[in-house]
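Here you get one chain, nothing else, as structure tokens; it is the form predicted on its own.
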Amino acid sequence: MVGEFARQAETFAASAVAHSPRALNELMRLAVPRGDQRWLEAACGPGIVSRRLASEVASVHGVDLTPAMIEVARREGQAAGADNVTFEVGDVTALELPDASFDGVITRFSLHHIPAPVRVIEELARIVRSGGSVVVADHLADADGEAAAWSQEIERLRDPTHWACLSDSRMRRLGEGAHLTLEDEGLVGLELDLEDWLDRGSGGAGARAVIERLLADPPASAQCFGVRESDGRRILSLRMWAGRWVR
């Protein structure tokens, strides 16, 4: 996993989906950040969400398993003059941080890479104070089994670190299992250039023929993953679920 994310560190940091204003605005709406708060971004990648939060809170700490991602996050944070953001290498399923040490915690596009993602939610619940916020966002799989299996096959062929996207109902249950209370949620449509998306994953080139066969035969029930043509380009459409739980 670390090797794949190291390969994608620069390209993900520059990708349009990582900087999507709609997605970032939805995260900030849910987070309701305040100037006196201390936040953590888990699986922070290149620190895009951390830098956005940093303009509205007292401090942000980002943790990611991939040293190359942390290097990019530190570089971009320094370039942006975000002196209230720190970053370190760490495992978000086993954080070396004290209980109840943050006012809010946030993670985006991480759960689909992690077997048993409840481990992440439980860790985030542990380190946030009582009354604090746990904000989670990830792109979804369909609730329909055939549609979910089809999209996840494509995802894994394109990126070998992909484990599984979840349905929105399962996302909600993750918080319930960690004894969190869901206060708000939302859906955001994401649009990606399909060729760029395929190129960023190490499996995209080698598995192109198989991926194209799968894309040509989508299940009729597919809603959370689809491809359309626009001005000579193929656009991948995804749905991102985002929610805020309170401890």
Ligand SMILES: C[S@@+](CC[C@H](N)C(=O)[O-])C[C@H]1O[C@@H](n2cnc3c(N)ncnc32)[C@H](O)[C@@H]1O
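The numbering used is simple: start at 1 and walk along the sequence shown. The shown structure was predicted, so the numbers you read here are calculated from the model rather than taken from an experiment.
There is also a form predicted in complex with this ligand; it is not shown, and the following applies to it.
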The unique member of A31, A54, M69, L198 whose heavy atoms fall within 4.5 Å of this ligand in the predicted bound form: M69
Among the candidates H113, R74, R129, R172, the residue which, in the predicted bound form, approaches this ligand to within 4.5 Å (heavy atoms): H113
Proximity to this ligand in the predicted bound form (heavy atom, within 4.5 Å), stretch among 92-100, 141-149, 121-129, 173-181: 92-100
Contact test in the predicted bound form: F109 vs this ligand, heavy atoms, 4.5 Å: yes
This ligand contact in the predicted bound form: A43, any heavy atom under 4.5 Å: yes
Any non-hydrogen atom of I211 within 4.5 angstroms of this ligand in the predicted bound form: no
Partner proximity in the predicted bound form: A222 to this ligand, non-hydrogen atom cutoff 4.5 Å: no
Partner contacts for 1-37, taking this ligand in the predicted bound form and a 4.5 Å heavy atom cut-off: F5, F12
